[in-house]
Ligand code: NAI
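Quick heads-up: it's one chain on its own, the form predicted on its own, in structure tokens.
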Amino acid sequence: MTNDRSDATDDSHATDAADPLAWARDHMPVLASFADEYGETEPFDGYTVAVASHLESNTGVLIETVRAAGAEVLFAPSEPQSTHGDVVEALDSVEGITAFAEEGMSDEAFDEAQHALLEREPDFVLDDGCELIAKVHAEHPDVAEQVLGGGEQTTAGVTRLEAMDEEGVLEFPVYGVNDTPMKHFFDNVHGTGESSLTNVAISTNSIISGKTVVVAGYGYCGRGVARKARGMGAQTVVTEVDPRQALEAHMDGHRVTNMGEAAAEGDLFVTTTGNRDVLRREHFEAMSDGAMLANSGHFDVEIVVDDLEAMAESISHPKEGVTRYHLPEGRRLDLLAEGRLVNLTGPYSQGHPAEVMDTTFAMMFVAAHDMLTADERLSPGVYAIPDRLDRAVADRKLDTLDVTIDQLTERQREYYDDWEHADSSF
């Protein structure tokens, strides 16, 4: 018996170990299909595409796919503490891909890197949190005038874009990728829900089951966190400012109350609102000893860390990724990931599962493809992703899962189109 097979397997393992994107590629088949399909025709040839996102392996596969389609790719982080250095190095070594990032960047270096990228005058922007799009308008207006379009993948980013559009300052068309079903039904609900709670558990080595978990906000992200927490055996409490979403949480079986009351009851608090000052001094004063605080919103403004620091008699770090605030009366409050995104900036964080990000980044890719290959340019503004693109990505994902669905018969199509339904026998 020879050892050829085992030797080959060992070589394969060594190759995978040296490639920080290998695992993500294996679990992102929709992006792989785009790379295969457009690697020959290169529809992005001649364009420079800027990508701002959390620089972990899943984003790396998106960047590779955009490059495979012919674009020159410039990339920067959308959050300074979620960058994986090995991913940046692997991508930056590829011809046609340029990094404006490094692991462990300060907030100042993060800001400078984004500006340096924008000075390269990209043609298209794939954004996270409206980081590049806001900056190019505010501080590089001459560049903004030349940008052909963009795509935005987060709730917080779409909110900023809509404000820009309302004020009439948006210089180019942007697809609100976050709001398309193939993004928010899967990435926001399942990706945020699972990755947030997984990283809370890993960072603290604590159990979710049996705890009272307070979720601030019941949009798609909050819905995912609350559902997953209850599925893990937690008692779930939801706080909201929108009466309709509060009713939805109630009908889904969660207890709904205001944060003033929930603060005294929670063991774990997770913010998912996309707004600021959600957990603040008045809430910290009511929390029990050992309460844990985590943020799953894009920006680190949902938990008022300044209030915690002002209240604390001393601060310690009992575990990596956990900041403990010792209050004068003896209570301790534990802040995870410094109040930044718990699923992306904790010490063990890897972001959303690759299978989920496959569809999100597929939608970002098709947003760029649709705009850059269109016969006519859209006027400046925020646009919904066309339904045909959303359905096409869903079809591709089903194909990769080997899942088949029914097709409408001609009579069924006619029935949909016949608004009178006068003749049931046609």
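The first residue of the shown sequence is 1; numbering continues from there. Because the structure is a prediction, the values reported are computed rather than measured.
Not pictured, yet referred to below: the form predicted in complex with the named molecule.
Just one listed stretch, out of 239-247, 69-77, 82-90, 110-118, contacts the named molecule in the model of the complex at the 4.5 Å heavy atom level, and that stretch is 239-247. By the criterion of a heavy atom within 4.5 Å, Asn199 is excluded from the residues contacting the named molecule in the model of the complex.
Although the partner is absent here, Gly339 sits far enough away that none of its heavy atoms falls within 4.5 Å of the named molecule in the model of the complex.
Proximity of Gly219 to the named molecule in the model of the complex falls within the 4.5 Å heavy atom cutoff. Although the partner is absent here, His352 sits close enough that one of its heavy atoms falls within 4.5 Å of the named molecule in the model of the complex.
When contacts are defined as a non-hydrogen atom within 4.5 Å, all of Asp187, Thr273 and Val278 contact the named molecule in the model of the complex. Contact with the named molecule in the model of the complex, judged by any heavy atom within 4.5 Å, is made by just one of Val305, Ala156, Leu148, Val322: Ala156.
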